[in-house]
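Have a look below at one chain only, the form predicted alone, in structure tokens format.
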Amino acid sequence: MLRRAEENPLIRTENIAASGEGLRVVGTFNAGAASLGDETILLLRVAEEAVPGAGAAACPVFDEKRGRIVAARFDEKQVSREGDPRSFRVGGKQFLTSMSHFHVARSRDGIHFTPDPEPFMLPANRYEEFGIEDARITKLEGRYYITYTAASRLGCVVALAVTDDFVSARRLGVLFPPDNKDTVYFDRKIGGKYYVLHRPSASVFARPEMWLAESPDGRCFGNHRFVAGVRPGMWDSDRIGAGAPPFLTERGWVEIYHGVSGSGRYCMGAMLLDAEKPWRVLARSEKPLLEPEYPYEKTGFFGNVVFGCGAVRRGDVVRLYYGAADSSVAEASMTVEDIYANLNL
């Protein structure tokens, strides 16, 4: 039912230049997607690390004065490591070994992409100190709404930016406080209100699961409702979250979401939400729509991962753009009927 592009991976680490001196790209993945005229736009998450020196630990840091990511190095004797290779401490202060920003890539055919020469968005404030990650894009009332995870010592928040042209963007601030991720806008009002799916994750009782919120203005959200949770013993038993923004069909809203098993394997599935009451789940994938099968999906910076943040629908065909093993961007196409078949409708 689902067809991967023969050219996969479409975008690799070597296709993107590092944003600054002393940095190198270690992952290009989890891209938001949108149509702009006759172009397909991908908003890539680009992860960078600092090139280490002899006897030194290195990491990227956000230099607020310069508005850039720069390489920082520390004497290895000053470094405390706690078993997690993604971070270390110096004098009790935490640093991450990699940091992400956003880069635009453009295509006329949806397969062959040309990255812009410069980054689209770099970290810019205290909420983005550890980087910006996993953009989702919804065209809403003529503008492109970009939701993304902003990471810092304060936690992971959901932030919002808007653009008209993917040349520049305007930040509108924090939508949801920590810890929250995986927020996607519906592309039209429902009953006169704006809706988003989001995923709170700080709880001693529940797993990270999907919730819905509504707003009169698209900025201030409330009336939060639980939508869907993990399913023990299944492919989405550990955590779930929205993937690409939902799109409306004659049967309801189709949401392509990610699920994680207890072994840490990331897959993509789908759920069908009621057109007028989107907190009601009408159907859900019993088996994954997309799962790690190919070498570029099973081996990489973080293996056994397919993670889709963006899809472009043209007519009956849906192109899902997904991160493969936290290293590259790949594409898989399907029809709406293919999704219905996965949902056993």
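When you see a residue number, it is the position in the sequence shown, counting from 1. Since the structure is predicted, the reported quantities are computational estimates derived from the model, not experimental observations.
Form predicted together with another copy of the chain: not shown, discussed below.
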Another copy of the chain contact in the predicted bound form: I132, any heavy atom under 4.5 Å | no
Tell me, yes or no, whether T114 is in contact with another copy of the chain in the predicted bound form, where a contact means a heavy atom of each within 4.5 Å.
-> no
Given that the partner is absent here, does V167 sit within 4.5 Å of another copy of the chain in the predicted bound form, heavy atoms only?
-> no
Using 4.5 Å between non-hydrogen atoms, is G173 touching another copy of the chain in the predicted bound form?
-> yes
Note: another copy of the chain not shown here; in the predicted bound form, the stretch from 72-80, 265-273, 216-224, 250-258 having heavy atoms within 4.5 Å of it is 216-224
From the list W235, Y127, Y144, F186, which entry has a heavy atom within 4.5 Å of another copy of the chain in the predicted bound form?
-> Y127
Within 4.5 Å of another copy of the chain in the predicted bound form, heavy atoms considered, which of G110, P200, G241, P119?
-> P200
Residues in 78-109 that come within 4.5 Å of another copy of the chain in the predicted bound form by at least one heavy atom, in order, are Q94, L96
